[in-house]
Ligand code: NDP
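Below sits a lone chain in structure tokens, taken as the form predicted on its own.
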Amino acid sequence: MFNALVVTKDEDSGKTSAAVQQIAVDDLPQGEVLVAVEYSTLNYKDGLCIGPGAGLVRKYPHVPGIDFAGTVEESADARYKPGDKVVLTGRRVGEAHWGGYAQKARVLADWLVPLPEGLDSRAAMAVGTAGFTAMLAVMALEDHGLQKDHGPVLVTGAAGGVGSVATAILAHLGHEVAAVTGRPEQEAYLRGLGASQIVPRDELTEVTRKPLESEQWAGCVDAVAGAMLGRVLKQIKYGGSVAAIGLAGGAAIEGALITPFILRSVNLLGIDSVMQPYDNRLRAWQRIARDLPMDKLEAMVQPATLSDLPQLGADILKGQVKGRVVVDVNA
């Protein structure tokens, strides 16, 4: 028997609740590799799964946790042997398949990636899905020509999980980073991650009638979308790119979007961290091990245990969680 955060649903009321319970290995879903989980993280989707669900969870009982890192305990796949360190992000783990909020997890071998040299399980989850997604965004900007002498790179939602890691990575690579936040008290935190400029959110949420504005940003990692994305696209330099990650600001985009694309050759790059092919997942994790400054990463970390997650799940949905929540599932 081992501990897990289990979400259950009352069939009469339809309400869900989450609590730490003991479950058995035989309770786990089918898979080729059994992993002794060491750390997981808290992401926005986890908050939705712990709370009302919003359609993410279709079958109860359920164990959330969309990523995890740990040690292989049993394997029916020759690529992984007992004792191997592995990390998992995406593949709808924690949504359609039981996830990382348990001391053991069983998954398909194709979903795993070997933990790169230079990262341990805790560090991998300090990065987590948010950091993995941030690295995918940076890689996409680089693949579309971004260089550090092109000018400042904008990061929206910079105090959140994705934004924090994107800020740290870009600064470490030598880019000038302009961090967008709606909370002035986060300025010291963001400058500590390497941001050289703080942009108040209000400056980018006011809708203007101008089809284009002055060129300001060589590129952007956007975790907000909505009206802010419409405004940012008007300010990207010729040939620059926006790596779009999230929809916290809404799915509707205001403005004459065709103008930046035609007159300035702006690229809008969608970043999907869930169904990335194995080679790209491995490349991203290798880049994380090489290019993410771990000293700055520690400044983002908020430790947690399984029993902390019901409250933290509610907090993240209210925008009250800063940086990276690292869950020690054995604490």
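Keep in mind that this is a model prediction, so the values were computed, not measured. Note that residue numbering follows the sequence shown and begins at 1.
Absent from the display: the form predicted together with the named molecule. The rest refers to it.
Enquirer: So in the model of the complex, does Leu309 come within 4.5 Å of the named molecule, heavy atom to heavy atom?
Expert: Residue-level check for Leu309: no, no contact with the named molecule.
Enquirer: Is Leu268 part of the interface with the named molecule in the model of the complex - any heavy atom within 4.5 Å?
Expert: Contact check for Leu268: no, nothing within 4.5 Å of the named molecule in the model of the complex.
Enquirer: Test of understanding: in the model of the complex, would Ala223 fall inside 4.5 Å of the named molecule by heavy atoms?
Expert: Because a heavy atom of Ala223 falls inside 4.5 Å of the named molecule in the model of the complex, the answer is yes.
Enquirer: So, Val153 and the named molecule: in the model of the complex, are they within 4.5 Å at any heavy atom pair?
Expert: Contact with the named molecule, no.
Enquirer: Quick check for you: of 238-246, 143-151, 101-109, 213-221, which stretch puts a non-hydrogen atom within 4.5 Å of the named molecule in the model of the complex?
Expert: Heavy atoms within 4.5 Å of the named molecule in the model of the complex occur in 238-246.
Enquirer: So the named molecule isn't shown here. In the model of the complex, which residue out of Val93, Ala158, Ala168, Met135 has a non-hydrogen atom within 4.5 Å of it?
Expert: It is Ala158 that has a heavy atom within 4.5 Å of the partner.
Enquirer: To verify the annotation, which of these, Arg122, Arg79, Arg183, Arg191, has a non-hydrogen atom within 4.5 Å of the named molecule in the model of the complex?
Expert: None of the other options qualify; the answer is Arg183.
Enquirer: Can you confirm whether Tyr44, Arg201 and Asp272, the three residues that make up this candidate site, all sit within 4.5 Å of the named molecule in the model of the complex, judged by heavy atoms?
Expert: Yes: Tyr44, Arg201 and Asp272 each sit within 4.5 Å of the named molecule in the model of the complex.
Enquirer: What are the residues of 83-120, in order along the chain, with a heavy atom within 4.5 Å of the named molecule in the model of the complex?
Expert: If the 4.5 Å heavy-atom criterion is applied to the named molecule in the model of the complex, 83-120 yields nothing.
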